[in-house]
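Consider the single chain below, provided in structure tokens and representing the form predicted alone.
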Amino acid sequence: MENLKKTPLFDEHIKLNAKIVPFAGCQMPIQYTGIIDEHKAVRENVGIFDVSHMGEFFVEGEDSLALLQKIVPQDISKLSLSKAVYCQLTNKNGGIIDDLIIYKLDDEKYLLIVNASRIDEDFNWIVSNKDNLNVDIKNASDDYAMIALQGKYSAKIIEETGLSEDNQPKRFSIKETRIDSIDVFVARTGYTGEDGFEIIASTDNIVYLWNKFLEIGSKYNIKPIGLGARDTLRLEAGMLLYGQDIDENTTPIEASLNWSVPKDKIEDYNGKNAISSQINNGTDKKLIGIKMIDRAIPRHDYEIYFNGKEVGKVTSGGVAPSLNANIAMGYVNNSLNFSTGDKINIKIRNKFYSAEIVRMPFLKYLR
């Protein structure tokens, strides 16, 4: 792991006896006390995550809106001050280069949070779309680090840092403020299906904030959370993982992200023709939710069968600790018109195991 980056919190993970693995070019904790234990901590109390591997871009200038309108299907003109929106960065064919969150910090200033594995690709793509627009695009990923607090007591912890409940950002909003004289962005966003916050601060100050949150959170049974539980939490919440559930050969419509793509956006954007065609005419494949009936665990790339024929593949799957079930997402042939309740089979080591198609997010419909 010599050539991998370390986040500013690496030494804190070692002190907490984390098991370290390579992830998206970084040395990251996969677990501390155990995936199930950490998963339950977030669902029942509160967890703290190091998400400093993620990327931060600032897009600023009089043409910042015009640039963003060109590179994502979402209508950024409807984004009010301090609000956030989940977006996809699309290529000319409508394929997803990355999925990201865009926050509106000011009338001509936006913050983009991008996936760790896609920082360079995203930045180069956005710059290549700049053309003659009057806009400054800054990759500030090395200057900032990020901590996530997720779970029902996360707001209590933020309150005890001095940000009263009335002053905390609402869901999918961001606030520039200070914690112990440290400049921070506090966003009410996350990747777990629980209420929570993502705190962005300079790399110099993140260790102090991490330990402060752990200290305040001790009365709420806070636990540090690794990548393992982060994955089970996001899977239960039906949240997609770039490189696994979506990629440049997948469109937002195929990925069942129709809810995020407005039909009435006037401005042209990369892939608009392909995406509009799929909205109107359908797709060849679609992402579905799967719940196992037989006792078996579905994993990435396992084949999906229907009536004895292969019809697709699992993209993400595993144990759902909060649901006492084994679940998965996967793409299937859309011409078969699958619907909720349909029975399918998952091929695991040359055996077939029964499953059914269910609605997502799993957390909402299977609880």
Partner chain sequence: MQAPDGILCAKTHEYLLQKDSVYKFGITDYAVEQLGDIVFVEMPEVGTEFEKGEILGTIESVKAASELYMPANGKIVEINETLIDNPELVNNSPYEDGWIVKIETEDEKALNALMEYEDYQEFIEE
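Not measured: the values here are computed from a predicted model. Numbering follows the first chain given and starts at 1.
Below, we refer to the form predicted together with its partner chain, which is not included among the displayed structures.
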| item | value |
| --- | --- |
| One residue of Val319, Cys26, Val59, Val314 in contact with its partner chain, assessed in the predicted bound form (non-hydrogen atom, 4.5 angstroms) | Val319 |
| Sole residue of Ala325, Ile30, Leu336, Ala66 within 4.5 Å of its partner chain in the predicted bound form, by heavy atom | Ile30 |
| Ile297: touches its partner chain in the predicted bound form, heavy atom cutoff 4.5 angstroms | yes |
| Contact of Lys351 with its partner chain in the predicted bound form (heavy atom, 4.5 Å) | yes |
| Proximity of Tyr331 to its partner chain in the predicted bound form, heavy atoms at 4.5 Å | no |
| Partner proximity in the predicted bound form: Thr189 to its partner chain, non-hydrogen atom cutoff 4.5 Å | no |
| Candidate stretches 337 to 345, 306 to 314, 48 to 56, 35 to 43 - the one whose heavy atoms come within 4.5 Å of its partner chain in the predicted bound form | 35 to 43 |
| Partner contacts in the predicted bound form for 55 to 81 (non-hydrogen atom within 4.5 angstroms of its partner chain) | none |
